[in-house]
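Encoded as structure tokens, the following chain is the form predicted alone, with no partner shown.
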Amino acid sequence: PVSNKSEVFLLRTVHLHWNPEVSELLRAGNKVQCSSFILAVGHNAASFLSVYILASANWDAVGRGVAWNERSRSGTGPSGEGSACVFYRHKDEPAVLICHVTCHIAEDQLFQWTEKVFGYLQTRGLTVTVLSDSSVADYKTADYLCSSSAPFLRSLRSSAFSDQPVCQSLEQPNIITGLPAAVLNHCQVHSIAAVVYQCYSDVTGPDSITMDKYKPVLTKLGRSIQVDSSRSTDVLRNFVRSSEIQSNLYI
């Protein structure tokens, strides 16, 4: 029935909810000023930013995204509590925005998510940095890849990105998929400077060694915001341990 189709379509619509200050700005027809947008896709990428950047307490949660699909149940309630897509803005540098995405964004929602998020941002002079988790099983190489070489970092950038990435480029025939690919494609089409750092790991859950591989990116992010690069691997391990305890509470 057509009604069912339209109901499913409405359910699968990506919704972005902003705090009153940002909502008022958008209602007035303005866009969110943004010089640096940092997107973390996956638990290790998001946890890395939590430990090294968001832990400074100089950040406010200013919005959240809700994307209902078969694999993502977070934020399905009427008010979307526990959203796994959260936007943070720096208190002293409000033009710096971070987004954590630890939920699944389905293929038919990727374009929606990207168009909606970038539709709210002032993109002139914007630089986009994406940290993305990936399985080493998805990495293609002509040589036998020893599992001990994982995790490792690869980069892919848009034509407008003129800076030097912190690691080597992703080799062909490898490609990026999902939300990082949708964001990079959007930035390529709209001439926005963007770089994706993809971390290939043999561990699927939160892992301190995998998180640590993102560390070279701090040298670039430190230009626009204060980062705590002194954080040791022990802090990451403790963070992983507490995450595991939290997740075990719900099993």
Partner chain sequence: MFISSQDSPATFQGFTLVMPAVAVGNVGQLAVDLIVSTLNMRRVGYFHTDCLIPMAGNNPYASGKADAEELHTPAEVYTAAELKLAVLQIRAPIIQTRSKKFRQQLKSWIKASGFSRTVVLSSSHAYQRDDQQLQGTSLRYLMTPSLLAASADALKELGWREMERIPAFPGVDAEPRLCIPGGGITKGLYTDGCAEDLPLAVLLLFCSEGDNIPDAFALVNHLNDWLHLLDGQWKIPTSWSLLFGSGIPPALF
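Because the structure is predicted, anything quoted here is derived from the model rather than measured. Numbering follows the first chain given and starts at 1.
Heads up, the form predicted in complex with the partner chain isn't pictured, but that's what we're talking about next.
> Among 118, 162 and 193, does every residue place a heavy atom within 4.5 Å of the partner chain in the predicted bound form?
Replying inline: Result no, not one residue of the spot touches the partner chain.
> Can you say which of 181 to 189, 24 to 32, 60 to 68, 38 to 46 gets within 4.5 Å of the partner chain in the predicted bound form, counting heavy atoms only?
Replying inline: Partner-contacting stretch among the options: 181 to 189.
> Taking heavy atoms and a 4.5 Å cut-off, does residue 176 contact the partner chain in the predicted bound form?
Replying inline: It does: once the partner chain is placed as it appears in the predicted bound form, residue 176 has a heavy atom within 4.5 Å of it.
> According to a 4.5 angstroms non-hydrogen atom cut-off, is residue 152 in contact with the partner chain in the predicted bound form?
Replying inline: Because no heavy atom of residue 152 falls inside 4.5 Å of the partner chain in the predicted bound form, the answer is no.
>> Please determine whether residue 107 contacts the partner chain in the predicted bound form, using a 4.5 Å cut-off between heavy atoms.
In response: It does: once the partner chain is placed as it appears in the predicted bound form, residue 107 has a heavy atom within 4.5 Å of it.
> Is there a heavy atom of residue 140 no more than 4.5 Å from a heavy atom of the partner chain in the predicted bound form?
Replying inline: Because a heavy atom of residue 140 falls inside 4.5 Å of the partner chain in the predicted bound form, the answer is yes.
>> To verify the annotation, which of these, 96, 99, 103, 156, has a non-hydrogen atom within 4.5 Å of the partner chain in the predicted bound form?
In response: None of the others qualify; the residue that does is 156.
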